[in-house]
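Let's start with one chain on its own, the form predicted on its own, as structure tokens.
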């Protein structure tokens, strides 16, 4: 399958697919070379790239994915540990966002205004 077909089927730009190749995310097992050195991809590339997209969507980095690929297979326990670590990171980020939101709500309750200058209290007495 040509790169344009892969890009269309998985909804990724061709440049992203080439980037994944350059970074080692797409390994040789998914590439077939024609005599003229054009790339053809195996049909397995579609499912594989969907896994990559899903991993990126939930917060794994390219580096994380590359590390998992380099393991050449991981146990179910190791996979569960990696996923639990990512869940813990997401929960920590959610807590930080909730704290930031509460801080902003607190700012709404103060008499700080920008009309007198950024961050200054409105001290005018009516």
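Numbering follows the first chain given and starts at 1. Values in this document were obtained by computation on a predicted structure and should not be read as measured data.
As for the form predicted together with the DNA, it is not shown, yet the points below apply to it.
Note that among 97 to 105, 28 to 36, 81 to 89, 42 to 50, the stretch whose heavy atoms approach the DNA to within 4.5 Å in the predicted complex is 28 to 36. Among residues of the shown chain, residue 18 is one whose heavy atoms approach the DNA to within 4.5 Å in the predicted complex. Residue contact with the DNA in the predicted complex: residue 2 places a heavy atom within 4.5 Å of it.
Taking the partner from the other structure, the DNA in the predicted complex has no heavy atom within 4.5 Å of any heavy atom of residue 54. Taking the partner from the other structure, the DNA in the predicted complex has no heavy atom within 4.5 Å of any heavy atom of residue 67. In this stretch, 81 to 96, not one residue has a heavy atom within 4.5 Å of the DNA in the predicted complex; the partner itself is omitted from this view.
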